[in-house]
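Here you get one chain, nothing else, as structure tokens; it is the form predicted on its own.
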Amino acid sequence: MAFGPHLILATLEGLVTSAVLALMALGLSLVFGVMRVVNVAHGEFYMLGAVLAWAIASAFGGHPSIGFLAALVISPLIVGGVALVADRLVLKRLDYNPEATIVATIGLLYILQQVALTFYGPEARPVQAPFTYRVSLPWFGYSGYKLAVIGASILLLLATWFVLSRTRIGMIMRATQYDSETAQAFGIPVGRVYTGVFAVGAMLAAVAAVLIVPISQAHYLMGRDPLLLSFIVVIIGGLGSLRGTVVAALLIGVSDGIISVFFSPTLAKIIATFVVAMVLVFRPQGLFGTAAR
């Protein structure tokens, strides 16, 4: 394959990575932006979403699209329920103390890993894509499902933007983010907002996992790399910034796809880490974040 088509293929693969990464990083950014909680277990919610997707899709017979659609609906709801219980039983009891919640979510990470290992096993298992249509480009054929993943991610990001900026729920979340004590004084149930945001963040990670698992495979250790990349995206884009999350996810995903194809995946990770270091030195609030006053 010539250089031009090869570059186009690498870019498309990078866009798929960016689409999934944007959803996962958005969940992480929302949790920290509103609650000031660094959720180290965010990658395990992603893993749990993929494992549940395999279990749900396997339980449905008939056309693969039936099982996949069921997984796309049910898996995020279950993961959101697990996050809700974790918030009520653990984070709320710690009064959302930043240091204590880091330790607590590390513990939650290992609990979810061991639960998945016990009931799911150590094997990596695939989920069949809902359709296998290939788009014929002038240079090569490309998976229609991967293009659908990009489209689904764009729709979900737009929906999230609409909720955050154009609805009463979004206004309540922004008020809690800016000043939780004042928000509580005006009658906003801050505790319920925190619980809801933690559950929504986990559900976004689960949706990302369900979308990507037909391309990759479900595995009980699959949450580590996406968690690291999500932290990189959040740091570069700026905490709590939807625009920053999308731009940083595109930057990291596309560059990772291109560099991995033409050079090596290790070099892509090195460059991403270097970019994070430069952002922390010269613009600690991120490219689109707001500096603390």
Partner chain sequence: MTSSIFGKKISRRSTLKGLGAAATGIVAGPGFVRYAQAQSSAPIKIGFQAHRTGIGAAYGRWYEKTTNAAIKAINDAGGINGRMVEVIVEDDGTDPGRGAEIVGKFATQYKVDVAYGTLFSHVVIGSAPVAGEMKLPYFVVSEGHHVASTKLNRYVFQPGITDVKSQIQAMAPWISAYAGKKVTQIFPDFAFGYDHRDYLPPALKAQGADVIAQIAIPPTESSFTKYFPQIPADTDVIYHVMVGPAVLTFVKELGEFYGGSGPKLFGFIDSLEAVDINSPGLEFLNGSHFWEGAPRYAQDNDTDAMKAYRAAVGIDENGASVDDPKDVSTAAHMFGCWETLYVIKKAMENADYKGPEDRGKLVEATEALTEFAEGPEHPQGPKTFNGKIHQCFGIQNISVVEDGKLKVVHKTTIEDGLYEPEGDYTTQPL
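Residue numbers count along the first chain shown, from 1. If you're wondering where the values come from, they're calculated on a predicted model, not measured in any experiment.
The form predicted in complex with its partner chain exists for this protein as well; it is not shown, and the discussion that follows is about that form.
Hey, with its partner chain in the predicted bound form, do Ser216, Val261 and Pro265 all fall inside the 4.5 Å heavy atom range?
-> Verified in the predicted bound form; spot residues all in contact, yes.
Original post:
Among 195-203, 80-88, 121-129, 147-155, which stretch has residues with heavy atoms no more than 4.5 Å from its partner chain in the predicted bound form?
Top reply: Within 4.5 Å of the partner lies stretch 121-129.
Taking its partner chain as it sits in the predicted bound form, is Ala272 in contact with it (heavy atom to heavy atom, 4.5 Å or less)?
Answer no; every heavy atom of Ala272 is more than 4.5 Å from its partner chain in the predicted bound form.
Checklist entry - Is there a heavy atom of Ile106 lying 4.5 Å or less from a heavy atom of its partner chain in the predicted bound form? => result Taking the distances in the predicted bound form, the answer for Ile106 is no, it never comes within 4.5 Å of its partner chain.
Taking 4.5 angstroms as the cut-off for heavy atoms, does Leu117 touch its partner chain in the predicted bound form?
Output for Leu117 is yes: heavy atoms within 4.5 Å of its partner chain.
task: Give a yes/no on whether Ser143 approaches its partner chain to within 4.5 Å in the predicted bound form, heavy atoms considered.
output: Output for Ser143 is yes: heavy atoms within 4.5 Å of its partner chain.
Residues within 4.5 Å of its partner chain in the predicted bound form, restricted to 5-21 and counted by heavy atom: If the 4.5 Å heavy-atom criterion is applied to its partner chain in the predicted bound form, 5-21 yields His6, Leu9, Glu13.
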